[in-house]
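Before any questions on binding or motion, here is one chain by itself as C-alpha cells, the form predicted alone.
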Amino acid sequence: MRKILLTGFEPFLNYKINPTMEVVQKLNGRVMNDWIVESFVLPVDFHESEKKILEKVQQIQPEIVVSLGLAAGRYKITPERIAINVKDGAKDNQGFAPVDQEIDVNGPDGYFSTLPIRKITNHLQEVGFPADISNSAGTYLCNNIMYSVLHYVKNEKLNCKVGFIHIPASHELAIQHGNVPSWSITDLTKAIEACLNVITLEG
C-alpha cells in the first residue's frame, strides 16, 4: 500500500493548542483509495523540524507528503502555492529567531507545490468547506518545511508529490486564545480528509 506522510506541528508561541497536531493524529492509519496515512508531529524548531521530516521521508518513502500548519486568523483552508528560500520570523520553541536567512544557500529562490491545489480548493468548496489558494506560506516554519521537502525531493529525483496546507484555529484554540475565527476539529479533520482524497485519486 502506498504511503502518505501527513505532518502537523506541536503548540508554539502563544498558541497553547495546535489543531494540526490533533488533525494528523486523528487521520493516522486512515486508508484512502489504496493509500495509507502515516502521521508525524513536528517540533517547532527550525533545525530539528527540517531534520526530522527529511529523516521520516527517507524512512517510510512516501509518494505524497502533505504538511499542515496553523494560520490563526484565516477563515479558510488554504493550500499554499509556493515556498520561498527564506527563514525569518518570531522565535521558535527553542528561542531561535532567524532574520533574512536562506534555507539552503545553494537552493533556488522558490518551489511551487506539486499538489493539485486548484482541484483541492474547488473540491473543498463543492463539499461545503471554505477554501482558497494562498500565495504565501510566510517565512516561519511552515514555509521552511515546505521548501525543504520540495528541495530534497527534487534533488533526490523522487516520485513524490509535496505541498503544504494551512488551516484555521480550532474552537478550543479560539476560546483559549481570544479573537480568532475558528472551525470545529471535526470539520478541520473532514476537510483535510477531503484534500487527501483529491490528491490520492490523482495518484
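Numbers for residues come from their place in the sequence shown, where the first is 1. Because the structure is a prediction, the values reported are computed rather than measured.
Just so you know, the form predicted together with another copy of the chain exists too; it's not on screen, but the next bit is about it.
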Would Val99 count as a contact of another copy of the chain in the predicted bound form, using a 4.5 angstroms cut-off between non-hydrogen atoms? yes
Is the gap between Asp187 and another copy of the chain in the predicted bound form 4.5 Å or less for some heavy atom pair? yes
Even though the partner isn't displayed, in the predicted bound form is Gln94 close enough to another copy of the chain, meaning a heavy atom within 4.5 Å? no
Touches another copy of the chain in the predicted bound form: Ser136 (any heavy atom, 4.5 Å): yes
Judged by heavy atoms and a 4.5 Å cut-off, are Asn85, Tyr111 and Gln125 together in contact with another copy of the chain in the predicted bound form? yes
So if I measure heavy atom distances to another copy of the chain in the predicted bound form, which of the stretches 64-72, 25-33, 42-50, 168-176 falls within 4.5 Å? 168-176
Could you run down 44-81 and flag each residue that has a heavy atom within 4.5 Å of another copy of the chain in the predicted bound form? Tyr75, Lys76, Arg81
